[in-house]
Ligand SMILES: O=C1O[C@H](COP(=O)(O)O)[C@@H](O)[C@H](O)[C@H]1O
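Single chain ahead, by itself, as structure tokens, in the form predicted alone.
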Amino acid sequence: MAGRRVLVFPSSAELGPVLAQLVTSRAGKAIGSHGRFTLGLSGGSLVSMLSKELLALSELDCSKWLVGFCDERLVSFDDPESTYGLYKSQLFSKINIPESGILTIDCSLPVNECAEDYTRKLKEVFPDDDFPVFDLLLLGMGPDGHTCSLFPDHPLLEETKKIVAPISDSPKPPPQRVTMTFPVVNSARCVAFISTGGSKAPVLKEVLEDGEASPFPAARVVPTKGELFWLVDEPAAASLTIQVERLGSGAKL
């Protein structure tokens, strides 16, 4: 791993512009290096923050972006629980990303087949990788320490072979989902967690300060060769005793 950076912002209002800058800077690097930018998205509060901040940029060019989903709920795209559906309405419909640049699940399939189908889609666009190597993955963390749809004490935490795994007993509804596995997450060139709000403070402290000893899935995100950023606001960072970097909205990553 290239090293972990824990970046603390006064509030999500200052965090948002820096997140957008991270995305566009890594996009520029990736397109310059290998002609495209591969981005893995998560749902939750990230959808509205990322959409708002990217759309505020004056010269956003997404024509060479390829977007996948770190996890997805097995619901129809017009369901308010659909991560793709939320991004489509808030972001994709307003930027110049080609339709072929968005890798969606087939929500008509049973969950096991859906995971296999999404694995096939990823293999087609990452033909040279045992596990897909994304340029940037954006992750969230629940108050229980889960990330993607990898939940505490779940057997999927030990999955080492699958690229995308099905889950039919998610402790958080809806129960049926597909999720990237840790081998994919930890193969990425850059991973950024976005964690805001005081409800995250206790688990954030354990994840960041207990390291590998932590029982929380988010603590298992340790990119093999890539960068790892934690972008958090002051309420989420309230319990931290480790050294952090305190930044404002103009920071460049």
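The numbering used is simple: start at 1 and walk along the sequence shown. This structure is a prediction, so every number in the text was calculated from the model and none was measured.
In what follows, reference is made to the form predicted together with the named molecule, a form of this protein that is not presented.
Shown alone here, residue 42 lies within 4.5 Å of the named molecule in the predicted complex, counting heavy atoms only.
The closest heavy atom approach of residue 26 to the named molecule in the predicted complex falls outside 4.5 Å. The named molecule is not shown here, and in the predicted complex it never comes within 4.5 Å of any heavy atom of residue 74. Within 4.5 Å of any heavy atom of the named molecule in the predicted complex lies no heavy atom of residue 105.
Heavy atoms within 4.5 Å of the named molecule in the predicted complex belong, among the stretches 129-137, 170-178, 153-161, 95-103, to residues of 170-178. Using a 4.5 Å cut-off on any heavy atom, the one residue of 178-203 that reaches the named molecule in the predicted complex is 200.
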